[in-house]
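Read on for two forms of one protein chain; each stands alone as structure tokens, with the labels structure 1 and structure 2.
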Structure 1
């Protein structure tokens, strides 16, 4: 695995890509004040126990370190909610964002992939992220929600402001840099909320056949979603709906470049593509870490953790835990089962997983049809995103 790190100049902050860890599965970082969970079994146990490990991490982050929940209006944000509020919201949004809605997108995803590749072909070269991996998921999610996909430069501006950070979060040393970096996200956040609120209000007046309309109209037990929650959920969809899938597409091509014999196998037997996608999610886990907060004193992996502590669950490390995955640094789509945690586990399991998998499968099939071999250009080195918790290429030119 070290050769992959060197070959693709993977930055230091994606430390978990450097090979199987030798350290303990749970450890406290005295410098940052954060507890880090790296083990697969420990991550699985934690994600399955929302009563002890709350998703409402804002409650343990000292005031002044981050713009607070009110400023960001994070109230009712699905990823931050615990039971029973989480279950109620999840039921409501699931009723609007069904598997059928997603499955019906397959022909559109294939057509869009073709159009984007045609446009790149005319320009003479393919930079995978700009030409396909970014625009494809963003156009799909915008069309699904019902906001103009032509506004995607705006979405990118907001997403970059929120995610392109290399600052490390520390609870013990709220550095000026850290504070400034986090505060810089407020403006784009508010702009994005206002944009989606305007579109949601418009759908209340003039319903259409789109997800935003289904969200404003969705009812569970006679109750509708409050306007603010419609906006917050639309934000999750717009952000989670594209950045992660962009990373998945780029990382999968990278895996096939690094392991050419697996590329040959997948090309010869397209039934292997879903397993290729799963293995790419395991090896290059896009959302490398999730946050949780302890609600009481607890023990995990034999380590005592006090109440009200911030925990980072390193899905990236857990997905390379040699106790669970033999030869964890090897890209092996033949792993069966492949119980990776890239989409999380438990009540917050990724709602968009079927869409991400569909986009990955369709786009990879079209790429294999169009290119005799998928190979990175040695003269234009692959670049990774700087954010430590997000693992994805941000530039990958095909030779």
Structure 2
């Protein structure tokens, strides 16, 4: 991977992309107070045991590192919920992301891809993220949710403010940089909450056939969801519903640029495209880390972990564990099986995985149809997102 690191100027904090690790699969970082899980088997075990490893990480974050509930409420934020509340909320929208329902979106995704590439062609060049990888999934999820896709510049502003930060998480020393990053996210979060709250209120008055109406009208245990829960659920759908595909598309094109022989194979045999996408997800895992909190003292990978500890599960590192993936730094779409954890595992397995895979497959096929070769522009270097827990390009211009 040394050549790729240097070629694409991969940030130092993306350690999982910078060659094999020498440390143990589970270790404690005394400087930050956080436990880190890097091994595949250990990550798989942890994600499959929500009773021991809770998604409610906020309860172990020191108060000084989190804003007050009045400033930032995570009520109903599904990625922070454990059973049984998690299952009840997830069930509300599961039917909107079944393989059958998602498959019906293929013509719309193909048409959008063509329109976006036509517009880029008229401008004379294609910067993949701005021209395709960002607008394509955000238009699709906005249409499903029922908010105007024409507001996507707003969505991007909020997503950038929330995700494109290079501050390292620490529980031991609240640094000025960490505090400044937290403060900087509050404004955009509150703007997004107010925006979605206004649309939710409008759905209460005038229901439509969209996901937002479904959330507004949904009942759990015989009661409608509180407005705050509706908004927080909508935030997850809007953000997670596009950013994974944005990173997936950019990363897959990057893989095909770095491994041209695999690009030739995929171009000649389009049946290989799904495997190309799966291997891209393994090699350049978009959401490279997830947080969990122990509910009791436990043992993982032969290491004793006390109760109420914050754990970072490094999916990007686990997906390169040589105990599971031979030659983990090689882009090999022929891996079979390829049980990567890019979409997580267990009860929190990514709800939108079928949609992300479809968007990736359709867009990649159209790109291969339109470009004789997918090659990055040497005069416009690839730029990676600086966020320590995410793997994705924020700029990738095709030559």
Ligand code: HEM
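Positions refer to the first chain, counted from 1. Since the structure is predicted, the reported quantities are computational estimates derived from the model, not experimental observations. Between two forms, the rigid core is defined as the largest C-alpha subset superposing within 1.5 Å.
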property	result
Of structures 1 and 2, the form predicted together with ligand HEM	1
Residue 149 C-alpha relocation of at least 2 Å between structures 1 and 2, rigid core basis	no
Per-residue C-alpha change between structures 1 and 2, residue 238, threshold 2 Å, rigid core fit	no
Yes/no, residue 323 Cα shift of 2 Å or more between structures 1 and 2 with rigid core fixed	no
Rigid-core-superposed Cα shift at residue 96 between structures 1 and 2, Å	4.2
